[in-house]
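Quick heads-up: it's one chain on its own, the form predicted alone, in structure tokens.
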């Protein structure tokens, strides 16, 4: 079926070459980084995880969100998600590959990543995160290939695939839970030292991922004859609404615990995020923008009339996605290192090469989604014919 991604009109190939150009620019910057080292990034001795790992954290949530369509369809036989499921699984594949690539470029010696498998350390959360991500990728590739091939031949999927599909549901939850444990297990980082971090990660994942899936489904419907179904989009919008409410509630609980207890080690991280600390307020405008987008999204999504209107739903989903991207893709990781365990505020800002490499990875993810969605649309088109 891969040959279907290699055929298309002029617009399709223009889009492909545009993405390849961005990937090429990022690859050039990465070779520069590989030769010179991570000194071309904004990372330092105090801020050892930055924009790369922040994007990894956010995209793990996007990958895990596929369970929001897989679970109702396969476990509860919710037929409305029949057409949406393959789109969610393909999005998960692209998101996991981007996650792995961000980890890869963050390593000064990426060849040493094989040591995770050659010399496994089961007490390390990084080891289990690698296993969780790799396993989830394999599961989604296997499930999507088997189910789509069965659809192409007009037969029911084989019975042996159902236990694997059911296994993928808790596995999806595990990838973001283990990622949260990576942070919550670091005792010297008070910002991450909270039992609510994993639930907060999952709530944000089940809001941002389905919001992106809705936007992709609407784009697919506009550029092709494939219609995921209005009922499926409306139901996903409800899921986004409840997940976003939970996410805002969890953040409010974090703020109350830190500010009301007034323990300086906890308060300083939130001060750095929202008001600035010792003259460093780099993230403050971004975090207030995240808050504004969260409020706008909830105003749109809670009201059934605006949630069911396609125009306002698009605005609401965009607001959800970028609000959570700012929160997890900028603030969550960086604020964990500022101030450092000694109470010092160290400035961090991603450099141009760092941003170029990151943009190239996102372009690679979009390229994968484009190719996989093209295959799905071609197969569905054959079924209609």
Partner chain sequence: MDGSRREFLKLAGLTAIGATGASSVRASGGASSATGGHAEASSDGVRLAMVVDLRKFSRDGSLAERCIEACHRAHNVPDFGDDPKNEVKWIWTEDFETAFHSQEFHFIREDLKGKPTLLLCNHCDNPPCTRVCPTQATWKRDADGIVMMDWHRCIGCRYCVVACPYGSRSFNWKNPRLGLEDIDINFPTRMRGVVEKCTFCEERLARGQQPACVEVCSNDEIVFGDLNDPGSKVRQLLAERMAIRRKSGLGTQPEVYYVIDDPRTLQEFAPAAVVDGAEGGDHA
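Keep in mind it's a predicted model, so treat the numbers as computed, not measured. Numbering follows the first chain given and starts at 1.
Omitted from view is the form predicted together with the partner chain, to which the following refers.
- In the model of the complex, the partner chain lies farther than 4.5 Å from every heavy atom of residue 274.
- Although the partner is absent here, residue 181 sits close enough that one of its heavy atoms falls within 4.5 Å of the partner chain in the model of the complex.
- The closest heavy atom approach of residue 223 to the partner chain in the model of the complex falls outside 4.5 Å.
- Taking non-hydrogen atoms only, residue 41 approaches the partner chain to within 4.5 angstroms in the model of the complex.
- Proximity to the partner chain in the model of the complex, defined as a heavy atom within 4.5 Å, singles out one entry of 311, 121, 261, 77, which is 121.
- Listed stretches are 356-364, 322-330, 43-51, 56-64; the contact stretch with the partner chain in the model of the complex is 43-51, by a heavy atom cutoff of 4.5 Å.
- Shown without its partner, the chain has 106, 107, 108, 109, 112, 115, 116, 119, 120, 121 in segment 98-121 as residues with a non-hydrogen atom within 4.5 angstroms of the partner chain in the model of the complex.
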